[in-house]
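There is one chain below, alone, in structure tokens, taken in the form predicted on its own.
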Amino acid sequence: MTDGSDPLLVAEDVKKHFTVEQGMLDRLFSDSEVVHAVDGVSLEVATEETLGVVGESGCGKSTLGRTLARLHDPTEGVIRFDGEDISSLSGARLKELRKDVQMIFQDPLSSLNPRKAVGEIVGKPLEVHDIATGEEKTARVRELFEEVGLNPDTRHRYPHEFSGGQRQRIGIARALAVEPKLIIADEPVSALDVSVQAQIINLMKRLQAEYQLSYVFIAHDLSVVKHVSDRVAVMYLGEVVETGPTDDIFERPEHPYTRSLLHAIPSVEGETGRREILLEGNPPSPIDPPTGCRFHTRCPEYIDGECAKVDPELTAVDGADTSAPAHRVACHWLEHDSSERAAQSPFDRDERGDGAVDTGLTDD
């Protein structure tokens, strides 16, 4: 945390495993299969900070978000919110947590009850948490519609009568109704047109400043993550493989997976000398993850005899502060000389000079 204050959210070695449903014969003659969706994630989120969580589909980032929000019970590990262990909350205490931790979902249509008017949907949390009823609730719903850029007179309409961007604004208004401290946004703009994405992102930034919100912003689009996040956590097959300040992740990526993701971003400037290091194949199954570093089966910088045997821990890169927000990476190359890595790496040597990877993105 830049101001030295305690983090709002802390996850310590959080795991979420799911048992695969099996038929009768499978249950009789084989062991149950377990999906290691989230497998030992530790992270922190400060007050008024945005942590971007990025990775390919199936890496566990959405499951992580739902577990942090306690929509899933963690299999192992500890989740602390505002200093309190919320890992096993239930009943009335879990209901109280809902006021402080809200979610925005990827598909606003499926997350909004099609049989209820949108004003009723936005106002429901006010009743559930005994915040407002009657005319007071109606007045607050109108305020919330105006806050997210919607006409309050449309509150009597139903979700299908709105565009995708408008429905996402309704989802944001619903999350905002109870004035939470943390909002976990699970791919909130991925289903929207690019022009609408920018509008929703700008809205979320404005609301963050007005309400002193913290965000966990889950996305697969690196350009979106770059522009909304203060820090980034890169996930692969249930684990965080690199985390740090956004500028460090985009300008000085250390993990081969992060480098590969950044190289896959098309350049708008069309440099002819730039090579793309594309990931080959699909991620392994989370039912049977590889031994050692989970990325070693696709890694363009694989170290023979090392990467397949030992799973590296997140470690602060050279010169990084040892505090929690430091730039950390889980890669065996940290234990080797940089010149040795440069000689083997397929990434461009001119990029190796300062660690920067040109994403072709701008801050405009």
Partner chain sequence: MSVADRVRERLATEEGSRVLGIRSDLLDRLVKTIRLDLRAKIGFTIVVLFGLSAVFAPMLAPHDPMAQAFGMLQSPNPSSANPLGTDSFGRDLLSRLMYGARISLAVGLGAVTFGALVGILIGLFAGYYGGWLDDLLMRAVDVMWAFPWLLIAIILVAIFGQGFWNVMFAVGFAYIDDFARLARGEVLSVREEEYTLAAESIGLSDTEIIFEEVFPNTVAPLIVQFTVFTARAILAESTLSFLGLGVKPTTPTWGALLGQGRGFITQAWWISIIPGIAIMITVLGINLFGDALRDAFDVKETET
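No experiment lies behind these values; they were computed from the predicted model shown. Positions refer to the first chain, counted from 1.
There is another form of this protein, the form predicted in complex with the partner chain, and it is not shown here; the text below is about that form.
Between the partner chain and the residues Glu76, Asp107, Glu143, Glu84, the one pair within 4.5 Å by heavy atoms in the predicted bound form involves Asp107. The partner is absent here, but in the predicted bound form a heavy atom of Met103, alone among Val232, Cys293, Ile218, Met103, sits within 4.5 Å of the partner chain. The stretch in contact with the partner chain in the predicted bound form, judged by heavy atoms within 4.5 Å, is 132-140, chosen from 237-245, 76-84, 132-140, 284-292.
Here the marked residues Leu71, Ser111 and Tyr158 all reach the partner chain in the predicted bound form, each with a heavy atom within 4.5 angstroms.
Within 4.5 Å of some heavy atom of the partner chain in the predicted bound form lies at least one heavy atom of Arg174. In the predicted bound form, at least one heavy atom of Glu127 sits within 4.5 Å of a heavy atom of the partner chain. Though the partner is left out of this view, Glu120 does reach within 4.5 Å of the partner chain in the predicted bound form, counting heavy atoms only. In the predicted bound form, none of the heavy atoms of Lys181 sits within 4.5 Å of a heavy atom of the partner chain.
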